[in-house]
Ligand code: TYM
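Single chain ahead, by itself, as structure tokens, in the form predicted alone.
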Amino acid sequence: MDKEVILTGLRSNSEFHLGNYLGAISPMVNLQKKHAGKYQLNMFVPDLHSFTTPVEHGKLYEQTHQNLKIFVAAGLEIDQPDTFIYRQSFIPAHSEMAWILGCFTGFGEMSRMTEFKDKAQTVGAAHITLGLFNYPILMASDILLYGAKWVPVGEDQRQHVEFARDIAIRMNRKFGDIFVVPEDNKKQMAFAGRSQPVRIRSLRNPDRKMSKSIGDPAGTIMLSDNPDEAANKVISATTDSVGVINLDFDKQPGVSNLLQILAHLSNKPQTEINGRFVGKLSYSQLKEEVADAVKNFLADLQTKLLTIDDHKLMRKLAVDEEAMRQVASATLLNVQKVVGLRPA
């Protein structure tokens, strides 16, 4: 690989919603547009990570395929020669590397991961698995196998990127320079071009993020929703009794969430949207504009999904997975040699 690698991915454990699209899918597509020809973009589906929380196993394979189609409908150019799409589970080196890295990781390191603590509370004691506990090790494997310097992630994953740096530095000190060390989080955020991640809130419970997994159908806009029904969800969104529009996620999270959604769907600066609405006394016009924006967005995306060539997408997957299998296997073999599993 003669270009620096950007690695990014999004779990395939469930259908995507509007929060996924605005917070992750759209930024990933924009990364490709911004860096085409300058960097190698590894956009993979971390399907093994899907098991860290409850999943409908009978739907996982097809859901992975459907979610890849959404990336294409969102504007991902699969003919770009520096872009590689692949499924994590189709490259066995991910799992074996994770085992090796895990043997050089302390129990205390994993115990301090705040995302594990948060998700453990969400899924409940009956669903807390070892996979949920140690998946930062698998994530480190995802990163280090391909020498990725740039790993744009949301706020909840930054601690895991730092762990990938830590384990890479630890292994390099012990065995020599076997891994490319990812950049630190400050540089990662500057590279991604944003100081704050996009976190779309639930329309009914705006104190928490939009999510399918917490059973919030009225507050979650799925990308497969009927556009008219999705618009009605916006009209029924929870706001507040303040009586004046402000962008303030602490005091007015519902109204602020609507302002945020409108800015992203209209592709306009947040300041421009705020200039039109902040200080107004009625919430109805804001809701109506957001509802129209959501309706038009879904109608357009769903139309594009119908035009995607499945055979072309699967051919791209097959070619890229073979290419990435060779890269990952070469990295794994080097590690196997230094730890004594293969002859030096």
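Only the largest set of C-alpha atoms that superpose within 1.5 Å between the two forms is called the rigid core. Quantities reported herein were computed from a predicted structural model and do not represent experimental measurements. The first residue of the shown sequence is 1; numbering continues from there.
As for the form predicted together with the named molecule, it is not shown, yet the points below apply to it.
- Taking the partner from elsewhere, Tyr135 is found to have a heavy atom lying within 4.5 Å of the named molecule in the model of the complex.
- Put simply, Arg199 is close to the named molecule in the model of the complex: some heavy atom of it is within 4.5 Å.
- Proximity of Phe44 to the named molecule in the model of the complex: non-hydrogen atoms within 4.5 Å are present.
- Shown alone here, Leu145 lies farther than 4.5 Å from the named molecule in the model of the complex, counting heavy atoms only.
- Per the 4.5 Å heavy atom criterion, the named molecule in the model of the complex is contacted by stretch 44 to 52, the sole one of 286 to 294, 29 to 37, 311 to 319, 44 to 52.
- Residue-level contacts in the model of the complex: of Gly176, Gly154, Pro92, Pro269, one residue has a heavy atom within 4.5 Å of the named molecule, and it is Gly154.
- When you look in the model of the complex, the only residue of Met139, Ile245, Leu259, Ala230 with a non-hydrogen atom within 4.5 Å of the named molecule is Met139.
- Annotation for 14 to 53: interface residues with the named molecule in the model of the complex are His17, Gly19, Asn20, Gly23, Ala24, Phe44, Pro46, His49 [heavy atom within 4.5 Å].
- With the core held fixed, Asp207 shows a CA shift of 2 Å or greater between the shown form and the other one.
- Core-aligned CA deviation for Ile261 between the shown form and the other one: 2 Å or greater.
- After superposing the rigid core, the C-alpha of Asn13 moves by less than 2 Å between the shown form and the other one.
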